[in-house]
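Next up: a single chain in structure tokens, the form predicted alone.
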């Protein structure tokens, strides 16, 4: 896609666009698009980010502003055009250009040799070159490009008909919106692939489900498939889907064009796609000329499957030559020229011996199954979360059961089911406690929740977990104050609560084993440095239920000082972008509690930053406080970026779309769909640019 000299130019171009003021020209808009596409290519295709998140977001905002002010500059393949309105009904059915068949499976060397024998018989030759690639565990998809632009994305469906999910495929930044296919004489092309989720993204998604008392998804395939069929593309965009495109299934050449030589073999075709910027498996592919080499590579690859960023459940072996593929043909179920080599299943059986009940940071009581040690996928499993009482009842789990265990996504241990046919009658029902295992307080369960919770704010286990969270890397980032040291300090009475971090008796710490002068000095410095962390990290560190890092940033940007939330009710909190009723209720409840206000006062007294410095420096008054705005069309008197900054300076907020949370839609020339949606909604105040200027008092 980019030559080495292009990369240097595009990197320097991106930096220049970030650091310099942006002149409103069509040429600058195209430079921004180039820079963003380059950053996406480096991040998603090469796993080698060249810009920070802030730098990328700055470029994107510049482009979004320029295009909003100059709609005639927008191109169909602009990165801003990935985002679209959601669907109100199910996805329409579409027919694949070529049926998406399944693959025949093999599980051992003998199966592969038998398949190789059939291939040689069908091909009429003993000289066959095979191409091997990872079999990704995701959701199958087909994408079509017409005249160099992405025109359709569809799920596999029944193999003949799939669902048109183009609107969601456009949210996947690894998939280009445009290509340079015409330069090779290609007018239309259909490419098959897999929508996947990075292991770390999947782990984080499951972690949030577990924190919410929900079962984790068993594998990335379920997560990818479910996300791909969400009706709201904005939500799809948040989920961080990725893609691997592994096969060219059909193509049409331009009139008079000659078929490019890269379309003679499978390997060359995917290397060609990769070089053009598509996320193909080319870097992880291998070409072999003998089945013995294929078998050896399968064994070697299975041993390093965990090194890949995405989950794989096997390898796919294909006849490399397209002409031979066509000669060998297909059955009604699968192509004869391809086969899947499946890795060993990561499941095992064990005995459920007992269930322990653990108290989390927000008081949720989680049942944990203790089983006989069993190796699964190279890891010995002894403990498995059961998440909540409902899971125990739904699965009908009992002490003494033989249970089927797997590592969900090859990461999280998970009980699939009890093997009820092996019961002897001696199994015992699992009794969920009515009192907190840590402090004996009565447990409570809200009507709309699955988890039982201890609401005692002084529960010792919760106190320790809250301190650990506050000091964690993503919160206040206090190095060396990990879970082990927090527990040690708490047990010795040196760390009773979160504010206690800033009042540790260091003379006592020096008496503890393993704490020399250097380690004490380093920890003191880390704690002192944490006082300067931005407000969003403090809010996240406080451990407010349902408030993750993103929501913490939203909350922090809405106030000048954290104490401003003392006067915010649920309704006002719910006006913030992406803050729903459940989150708003949790935040309002947190800041209404006297003990939490006392904790915040102690943190401020200790010197911890509790202000939104950016907002406090720029907030000239609060005339627009609590009001949300959105601008559409071209403004004639103000730059959109200046208008948005003006809103924030006067205490208001900027939303990204029309919704019931929007107070004012400011309409310029050539306003489009946002205006129509606001009119239909009926609750949004529609202002002209002059109306806005008058309202803002400028």
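Residue numbers count along the first chain shown, from 1. Quick caveat, the model's predicted, so the values are computed rather than measured.
Below, we turn to the form predicted in complex with a small molecule, even though it does not appear here.
- Contact with the small molecule in the predicted complex holds for none of 202, 242 and 412, as no heavy atom of theirs lies within 4.5 Å.
- Out of the listed residues 318, 173, 466, 96, 318 is the one that sits within 4.5 Å of the small molecule in the predicted complex by at least one heavy atom.
- Screening 227, 530, 551, 140 for any heavy atom within 4.5 Å of the small molecule in the predicted complex leaves a single hit, 140.
- Just one listed stretch, out of 571-579, 130-138, 491-499, 552-560, contacts the small molecule in the predicted complex at the 4.5 Å heavy atom level, and that stretch is 130-138.
- Looking at residue 248, you'd find every heavy atom of it more than 4.5 angstroms from the small molecule in the predicted complex.
- Although the partner is absent here, residue 401 sits far enough away that none of its heavy atoms falls within 4.5 Å of the small molecule in the predicted complex.
- The small molecule is not shown here, but in the predicted complex it comes within 4.5 Å of a heavy atom of residue 102.
- For the chain shown alone, residue 310 is not a contact residue for the small molecule in the predicted complex, no non-hydrogen atom being within 4.5 angstroms.
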